[in-house]
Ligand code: ATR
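A single chain, nothing else alongside it, follows as structure tokens in the form predicted alone.
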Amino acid sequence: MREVSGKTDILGIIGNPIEHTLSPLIHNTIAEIDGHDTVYIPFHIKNETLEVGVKGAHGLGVRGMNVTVPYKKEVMKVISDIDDMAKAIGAVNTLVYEENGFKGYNTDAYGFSRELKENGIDVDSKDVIIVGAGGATNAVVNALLSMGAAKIYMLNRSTEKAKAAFGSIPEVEVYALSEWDKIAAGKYFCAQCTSVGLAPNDDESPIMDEGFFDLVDSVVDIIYRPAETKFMKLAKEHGARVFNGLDMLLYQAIESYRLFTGHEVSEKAIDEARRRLLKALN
């Protein structure tokens, strides 16, 4: 068991609920393997105590905290500064201690981008497909555009919602889920950003039409439980390379850890964190 002393840096995560979080496993594994004197703790904060909780954590000298649902937008109102990427995404998932208060960052776009790069998926100057226009989509859109994607075909159950959120972005074209056949014939990278197919609803997919899956040659489904969603299975049956969201979760945590501590995370720590994540999910 690692010892905690007066020199130990406190890290954590706030959310409501918080019992399900895998973040302590990732961050404490990194600290253990790379030999850093930090400890990462989950904090269950109720809605009415968000501001006092965040300011209290800063007063106690907590070095950094992640932010999960439902506070990624609300927390922006109670911190002292916000990074440009987080402003563009419109959500914060990482708070880093500064003298006058926490500064907010969003590492989800980094996590998604790194998952693509690590798996050899190149979207530069290419058209891509996104399924879903919910909260996670903001980070994915920003990641894809920062990686040079030329056009994003966005398919969503509600075109009004998708257009309200993303219609002002010139590279985004919005269609209903049933209008997938309006996408020009070809082979595309596809990001599945809805919660459809999340356990225990393993047999559900936001799109079931076989013809759609002829359009995709690679897929990242941001769901990681189950490890293979119905959407991924259908894509794989049509010859696509498929990846779940586990590496996005891992890589966004690695970037948060770097922001918290200033330390780059070793490949050994990444591999061990991934191994422990897979064990926890099985």
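Source: prediction; values computed, not measured. So that there is no doubt, residue numbering starts at 1 and follows the sequence shown.
Although not depicted, the form predicted together with the ligand is the subject of the following passage.
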Location of the ligand contact in the predicted bound form, chosen stretch of 132-140, 76-84, 179-187, 101-109 [non-hydrogen atom, 4.5 Å]: 132-140
Heavy atom within 4.5 Å of the ligand in the predicted bound form - residue from 114, 157, 151, 163: 157
Of 144, 196, 172, 89, the one that lies within 4.5 Å of the ligand in the predicted bound form (heavy atoms): 196
